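Have a look below at one chain only, the form predicted alone, in structure tokens format.
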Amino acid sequence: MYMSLAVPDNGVDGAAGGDAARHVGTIIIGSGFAGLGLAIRLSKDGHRDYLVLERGSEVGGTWRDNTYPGAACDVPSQLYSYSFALNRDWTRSFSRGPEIQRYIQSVADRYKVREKHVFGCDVTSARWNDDLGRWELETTKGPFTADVAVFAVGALCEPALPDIAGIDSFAGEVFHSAQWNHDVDLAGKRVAVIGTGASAIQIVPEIAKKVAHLDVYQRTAPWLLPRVDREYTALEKFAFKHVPGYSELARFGIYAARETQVVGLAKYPALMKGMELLAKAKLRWEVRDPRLRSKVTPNFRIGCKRMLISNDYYPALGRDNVDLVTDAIDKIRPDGVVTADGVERPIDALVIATGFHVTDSPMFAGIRGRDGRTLAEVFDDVGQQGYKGSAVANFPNAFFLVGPNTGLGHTSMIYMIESQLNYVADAIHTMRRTGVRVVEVREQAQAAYNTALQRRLHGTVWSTGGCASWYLDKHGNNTTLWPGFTFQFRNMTRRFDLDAYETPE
């Protein structure tokens, strides 16, 4: 599982050394944008009886872990900070990973929530005790109990490794994009990259410059759009920092422009044709070799899978030392990759860029609800369903940040996260104010919510665009994305709706 933390001198470490469980009112698991945001929100609301358990040694989540060459955000910088802590110091229109991580760390310091963290604390299991009405957690720093558990582990936290025969026999260096080994120098080596998703299109151009040879293994060609990235001018930086309202206005303008994409993605897919023509023009201009162009031309409608942005991926594929391989991988040998056509390509290092477990996260198997079933078992039965992306029936006093159907294909997840922060913080406040000890979303409320949600998703480009994506679960339902405008989700989660929950005495 993936949850950990660290703690200065506040007595938190006392739970790590003995068998007695430390009890906390609210435990937040994970300290990326979501978990850290909730910690700040609770502190601002005057709620001090909480802890954040973080498996890593620092805040940041995805941006702490993904340090591969070229790591950067594909959302405009002005949308990529908390609304209550706007970053007025961005250096460019699309921020690089290290700059984002520095921002997250600075926010943790500004709001003084590090003392509420327990770093290096991996949560191995979480079980609801119905008799005591609390959560019992086993961690690498000892047992904890909590009245409320908030799972903020994120969707992109558990790397998905490909099931390829012989991969364990490879004798060279091998690592996932989210676990980059910076001690390995790829200069002058023969390297293979498996995958052509969001991480791969950033990695490939960076390492292609220095490796002796690079094989890029593609299963499905992605749609690429231009990356309108540039450094901000000195005047812009001054305005963002010192002109009242300038940052807010720029942020709103970008947000509004991005929201217009929802009409094409979720309502009228035919409206995406213009964007598809732009992507095709980019493809024709940047890939002059007809054979290579044929390989990288997608066979599904734009928007069906995640739309990627890059200005240097196609040119990298055209380099003399780079080959794009579209034949399926049959097996991996100690010194090379063998494709289905029998060709073996020798390599010294293997980079896995095959994404993450999203709809089938191993984390689900470690969380047991009221009836003893794990979240994995519940999701396996009915699919990955939740209520407003924040609660799941059978899991009392548990809330999920970046839960089912909160993902986006067009704008910043931070907006969705802050919407959920409103909902969960108000839930905790409501429980304290009313004296209600246990809340569990009603199965009828959850079922009605998901029926309406899937009805809205039917006919969207994600369902009709002709692709198989990680947006869909094994039942064929889109359990990942939100099908409407983000401000609709914001309105829906503005207040905790206690009447949708069971409140047993």
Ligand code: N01
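Numbering starts at 1 and follows the sequence shown. Quick caveat, the model's predicted, so the values are computed rather than measured.
We do not show the form predicted in complex with the ligand, though everything after this point is about it.
Stretch 61-69 is the contacting one of 457-465, 61-69, 443-451, 26-34, since its residues have non-hydrogen atoms within 4.5 Å of the ligand in the predicted complex.
Residue contact with the ligand in the predicted complex: S294 places no heavy atom within 4.5 Å of it. Although the partner is absent from this view, R88 stays clear of the ligand in the predicted complex, with no non-hydrogen atom inside 4.5 angstroms.
In the predicted complex, none of the heavy atoms of I417 sits within 4.5 Å of a heavy atom of the ligand. Using a 4.5 angstroms limit between non-hydrogen atoms, G154 is distant from the ligand in the predicted complex. Just one of G197, P269, G407, G97 comes within 4.5 Å of the ligand in the predicted complex, counting any heavy atom, and that one is G197. The contact with the ligand in the predicted complex, taken as any heavy atom within 4.5 Å, belongs to Q202 out of Q385, N397, Q202, Q78. Contacts between 304-327 and the ligand, taken as any heavy atom within 4.5 Å in the predicted complex, involve K305, R306.
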